[in-house]
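Presented below, as structure tokens, is a lone chain in the form predicted on its own.
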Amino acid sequence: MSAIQANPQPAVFEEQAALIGADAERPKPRRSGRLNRSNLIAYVMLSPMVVLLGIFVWYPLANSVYLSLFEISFYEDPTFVGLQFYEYVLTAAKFWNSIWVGITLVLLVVPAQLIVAFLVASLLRVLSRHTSGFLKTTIYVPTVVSFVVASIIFVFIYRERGGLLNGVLGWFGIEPIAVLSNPDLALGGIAVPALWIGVGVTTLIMLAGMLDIPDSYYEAADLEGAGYFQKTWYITLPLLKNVWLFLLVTLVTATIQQFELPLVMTQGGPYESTTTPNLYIFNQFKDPTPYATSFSLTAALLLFVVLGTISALIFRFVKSDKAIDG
């Protein structure tokens, strides 16, 4: 004790202590109070959305998971079977075939749709107002056509005898092709109307993203002597990153769940080559065998897991970011 008293603190420490003491005595702004009030307002504003999500999303999902653990029959009481139906679905070759068909349809539709939409949006951006408005209306028209109507239209186009496609091929001396009856061509035949219907909305969303890019960026690039491809590569594509992410997630999840087109055009055939996951689940649900409801419910939950995994991977590799400062 005497040794400590014999070594007084240096003067600089005493000055720091005095400053700390002065800071402690200085009245602090009421920042924590404002933060708490801001947080409370945020919670109040979010509460309706949280309640709606709980009622329409989380409760049905939790209840579906619970029911998937039972054998459900319209004529008998439910029987607890645990994970038995998950084993049935995961070992069903047709379920995995439907997942592969859905992924193949995504590969056929989504890249082509993004490329076509980008090129059309780039053209619309530089056209005059009246010409751009006419073309935007024209390209959006297929969007208002229902999938069922589009399916019927393209069934007639693909007809082996009297169809528009084979009529055009006949001008070049090519033999008629039965598109929807060929297992190698049927899914491609379904991808065309899917692309035709979806490209309008995709183009308008991409055009909106392009119009948000300040013209000063392109003007500065012009002063540096940049060409079209350089401006596209270094300005347009990076600043559309968030638009790409949104379109990629929505298009992938919507395309893999395509239902109306294969149902009307091919009924899932030939040889299950166009049976998408939702069509497979629908066919299982209406199957007359007992407990088809439990099987289709479990398959739907596993499809939810597949879609969630794909979406998570897209978010993982294409991270959203603030594109423009200010």
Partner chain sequence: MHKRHTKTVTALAAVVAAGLALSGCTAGGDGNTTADGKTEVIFWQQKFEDYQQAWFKEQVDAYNASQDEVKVTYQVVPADTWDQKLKAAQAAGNAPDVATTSYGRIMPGVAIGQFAPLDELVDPDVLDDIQPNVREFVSTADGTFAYPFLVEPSTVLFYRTDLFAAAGLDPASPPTSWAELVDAARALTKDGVYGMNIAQTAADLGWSSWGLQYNAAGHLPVADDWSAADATDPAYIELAEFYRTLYGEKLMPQEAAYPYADCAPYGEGQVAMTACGSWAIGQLTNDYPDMIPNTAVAAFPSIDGDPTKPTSTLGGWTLTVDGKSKVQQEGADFIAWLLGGETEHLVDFFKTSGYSKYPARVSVSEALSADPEASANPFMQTVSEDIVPFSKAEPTYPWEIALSFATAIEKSMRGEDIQASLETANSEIDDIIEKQKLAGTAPEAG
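Positions refer to the first chain, counted from 1. Rigid core (definition): largest C-alpha set, two forms, superposition within 1.5 Å. If you're wondering where the values come from, they're calculated on a predicted model, not measured in any experiment.
The form predicted together with the partner chain is left out here; the points below concern that form.
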Q) Should residue 284 be classed as touching the partner chain in the predicted bound form when contacts are defined as heavy atoms within 4.5 Å? A) yes
Q | 4.5 Å heavy atom contact, residue 125 to the partner chain in the predicted bound form | A | no
Q.
Please tell me whether any heavy atom belonging to residue 158 falls inside 4.5 Å of a heavy atom of the partner chain, as the geometry stands in the predicted bound form.
A. yes
(Q) At 4.5 Å between heavy atoms, is residue 76 in contact with the partner chain in the predicted bound form? (A) yes
Q.
So, a 4.5 angstroms cut-off on heavy atom distances: do all three of 104, 241 and 308 pass it with respect to the partner chain in the predicted bound form?
A. no
Q. If we take heavy atoms and a 4.5 Å cut-off, which stretch out of 160-168, 189-197, 135-143, 108-116 is in contact with the partner chain in the predicted bound form?
A. 160-168
Q. 253, 97, 230, 84: which sits within 4.5 Å of the partner chain in the predicted bound form by any heavy atom?
A. 84
Q | Residues from 283-301 in contact with the partner chain (non-hydrogen atom within 4.5 Å) in the predicted bound form | A | 284, 285, 286, 287, 288, 289, 290, 291, 292, 293
Q | Core-aligned CA displacement of residue 69 at least 2 Å between this form and the one not shown | A | no
Q. Would you say residue 295 moves between this form and the one not shown, meaning its CA shifts by 2 Å or more once the core is fitted?
A. no
Q.
If I superpose the two forms on their rigid core, does the C-alpha of residue 54 end up displaced by 2 Å or more between this form and the one not shown?
A. yes
